[in-house]
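Let's start with one chain on its own, the form predicted on its own, as structure tokens.
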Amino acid sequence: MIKEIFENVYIVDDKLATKSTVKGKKVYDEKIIKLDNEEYRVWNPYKSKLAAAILKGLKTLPIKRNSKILYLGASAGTTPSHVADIADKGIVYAVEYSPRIMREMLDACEGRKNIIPILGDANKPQEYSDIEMVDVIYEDVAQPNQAEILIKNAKWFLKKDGYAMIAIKARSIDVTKDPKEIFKEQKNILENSGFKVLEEIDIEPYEKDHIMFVCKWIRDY
């Protein structure tokens, strides 16, 4: 049984999945389900915060088939590969800071012509300032200034009325504070800088002390 729950996001045999744009290729040993001459990659919520948010009841997924996406903190490419499956008619600019991890991400990108890997520091958007304006920014960066990084990049690249998704990791900001207090502070930073937070998804038990914010960029230029 197949049910499409968002554009190019499916429940297949009771498992979350995306339709693979590169048949026969796994990125992180994910299970592949073959149905009707298509391949669906099972999306592991323990290895992807976006998958966790969807399974925890996410209502708004701004990533669409034709979206242009700036992905900050691409790591080895697990979630970016699923995002590229969703945006099969769009493009994913995948920024990663570590050269070692970037080599792993290049393997994930192989065959996926809509992922553009960028070796760069998400704190310094001027390093990749030649990319185009995007519809969505997705951020998964374990830094103390997570909200500020998103705001910097939004000012450079996010279209007016564009969207952002950010996975806030409380322990990367302050290990001494209550995570709920940190989440509230980060939300205030975002909303005082041009974003409106539309959704807040606690992604436990998949990730401890994490929340996913879905935001709209309403800054008045």
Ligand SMILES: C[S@@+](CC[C@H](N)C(=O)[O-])C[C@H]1O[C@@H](n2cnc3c(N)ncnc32)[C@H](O)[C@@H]1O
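Values in this document were obtained by computation on a predicted structure and should not be read as measured data. Residue indices: 1-based, along the sequence shown.
Not pictured, yet referred to below: the form predicted in complex with the ligand.
**Q** Taking the partner as it appears in the model of the complex, which of 106-114, 85-93, 70-78, 129-137 has residues with heavy atoms within 4.5 Å of the ligand?
**A** Selected range: 70-78.
**Q** Between Lys187, Lys64, Lys152, Lys47, only one gets a heavy atom within 4.5 angstroms of the ligand in the model of the complex; which residue is that?
**A** By the 4.5 Å criterion, the partner-contacting residue is Lys47.
**Q** Is it the case that Val141, even though its partner is missing from this view, gets within 4.5 Å of the ligand in the model of the complex, heavy atoms only?
**A** Although the ligand is absent here, Val141 would touch it in the model of the complex, with heavy atoms inside 4.5 Å.
**Q** With heavy atoms only and a cut-off of 4.5 Å, decide whether Asp121 touches the ligand in the model of the complex.
**A** It does: once the ligand is placed as it appears in the model of the complex, Asp121 has a heavy atom within 4.5 Å of it.
**Q** Pick out the residues of 94-116 whose heavy atoms come within 4.5 Å of the ligand in the model of the complex.
**A** Val95, Glu96, Tyr97, Ser98, Ile101 sit within 4.5 Å of the partner.
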